[in-house]
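The chain below stands alone, shown as structure tokens; this is the form predicted on its own.
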């Protein structure tokens, strides 16, 4: 039972943090930083090439957008450089440190 309570508490905390990020506009700023970093490191080009390969392999008429997203998501996540993940996490931690009422 304690495990379930912890999961509920964690979910509530994530929702509160997300709400603060949205209210302050920080979520949009973080998304823009992430977008820029991913383009700079070549992630976007790598994923674009992977999409083309998947479509070529399966055939344009035989794959839906949802299937393509499901196919490329794991590789897309794996291709995000650790340095980008660390920087984003650091920015989120800094934001949380500034928010004393969470």
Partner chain sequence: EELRHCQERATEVVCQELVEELLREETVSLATAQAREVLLQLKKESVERCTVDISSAVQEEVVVECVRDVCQEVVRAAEDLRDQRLAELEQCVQLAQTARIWR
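Just so we're clear, the structure is a prediction, and the values are computed from it rather than from any experiment. Residue numbers count along the first chain shown, from 1. Each form is matched to the other, and the largest set of C-alpha atoms that superpose within 1.5 Å is called the rigid core.
Heads up, the form predicted together with its partner chain isn't pictured, but that's what we're talking about next.
Residue contact check for residue 73: one or more of its heavy atoms lie within 4.5 Å of its partner chain in the model of the complex. Although the partner is absent here, residue 83 lies well away from its partner chain in the model of the complex, with no heavy atom inside 4.5 Å. A residue is said to contact a partner when one of its heavy atoms sits within 4.5 Å of a partner heavy atom; residue 34 meets this definition for its partner chain in the model of the complex. In the model of the complex, its partner chain lies farther than 4.5 Å from every heavy atom of residue 41. Shown here without its partner chain, the chain has 27, 30, 31, 34, 35, 38, 43, 44, 47, 48, 51, 52, 55 in 25-55 lying with a heavy atom within 4.5 Å of that partner in the model of the complex. In this overlay on the rigid core, residue 9 has a C-alpha that sits 2 Å or more away from its partner position between the shown form and the other one.
Comparing the forms between the shown form and the other one on their rigid core, the Cα displacement of residue 83 stays under 2 Å.
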